[in-house]
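In structure tokens, the next block holds one chain alone, the form predicted alone.
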């Protein structure tokens, strides 16, 4: 079933025609209404009339995180402020926040894209959607909320944390679909187990949408097994409207990126040069339908690749692989490039380990991985612990080419975040 079959299964040649038309409109719009882009286009020697094919996209300047912060609060607006109906911000870790503006049309289109995503995973009118993401300046919860209402779901805006209340709501209102971070999904599964709740027997849950944190296929499998439900990966970012930029269908063979709203490129993170289909690099996105705050060639810093070929679901929008990390999340340890997701992949594949871990970098270049044991993993034998510890060290060394220290701790020892999990603490003296 489709939410918008005319666009979801559109012929590629017609899609590219629409993309070019919308790209031309977007470039003309920012060139005349946004001083920042007017200057950047002039510096690049490009005018709106120069955009005659999709290949001309690479002539346009990149937009970066720093550009959004430098133009805070409203330097990138393409409409008058009285035509804006919502503001979200993304704070990041340093410096000024990024202000993201929405027109009424932007909100409606963002909700439509979520409706597409919901329908293609099997959600229907009559489902009960419990939104366990943070409401407020973060885009994730509100945009998903609006999309769920478009589909006709009963929406429970539960927000994050307070697992006792989450469970009460699930039981009382027979929740069928949840939206939460992967780290909280694992924590919540553990909470259910400690309280003697079998989600397959005692709850009506059927689907979970996880996002806001990069996570591995091994983590997805752990969530599915623990909760007894289908788990779908989603991708979005505040700068592009929030969630619903790309989403898995029922086949789970990559995330369909909605190309009638976003132009996608994969570039070399160092040079910015385009990479061929199938190559792994940094995802760059251009908005095609944003009114309030269009962005040209926004460098997401997210690392992925385009999946060649067609999807069995019949949708013609290309798919991207799950995000393997961010270019600014990459750790350099003893000269080796390491993504935290590589470590997660190893830990989540081992049944003896629990759901929570923490990577600490200290001294000159020392890496320590603390990981919780599964509740049933420890038989009281010190020898057993030493063997498990050595096994983890060797598996990690084979994956990341660096030998870390490994500390095994009891379940529930490491801190749990209700929002995005903090997986890395860097205390190095560099």
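Note that the structure is a prediction, hence the values are computed from the model and not measured. Positions refer to the first chain, counted from 1.
Only in words, not in the display: the form predicted in complex with ligand AMP, which the text now covers.
- The partner is absent here; in the model of the complex, the one residue of 354, 294, 254, 214 having a heavy atom within 4.5 Å of ligand AMP is 214.
- For the options 239, 344, 127, 106, the one in contact with ligand AMP in the model of the complex, meaning a heavy atom within 4.5 Å, is 239.
- Heavy atoms of residue 183 never reach within 4.5 Å of ligand AMP in the model of the complex, leaving it off the interface.
- In the model of the complex, ligand AMP sits within 4.5 Å of a heavy atom of residue 302.
- Contact check for residue 176: no non-hydrogen atom falls within 4.5 Å of ligand AMP in the model of the complex.
- Taking non-hydrogen atoms only, residue 287 never approaches ligand AMP to within 4.5 angstroms in the model of the complex.
- Residue heavy atoms within 4.5 Å of ligand AMP in the model of the complex occur in exactly one stretch of 73 to 81, 145 to 153, 319 to 327, 119 to 127, and that stretch is 319 to 327.
- In the model of the complex, the residues of 218 to 236 lying within 4.5 Å of ligand AMP by at least one heavy atom are, in order, 233, 234, 235, 236.
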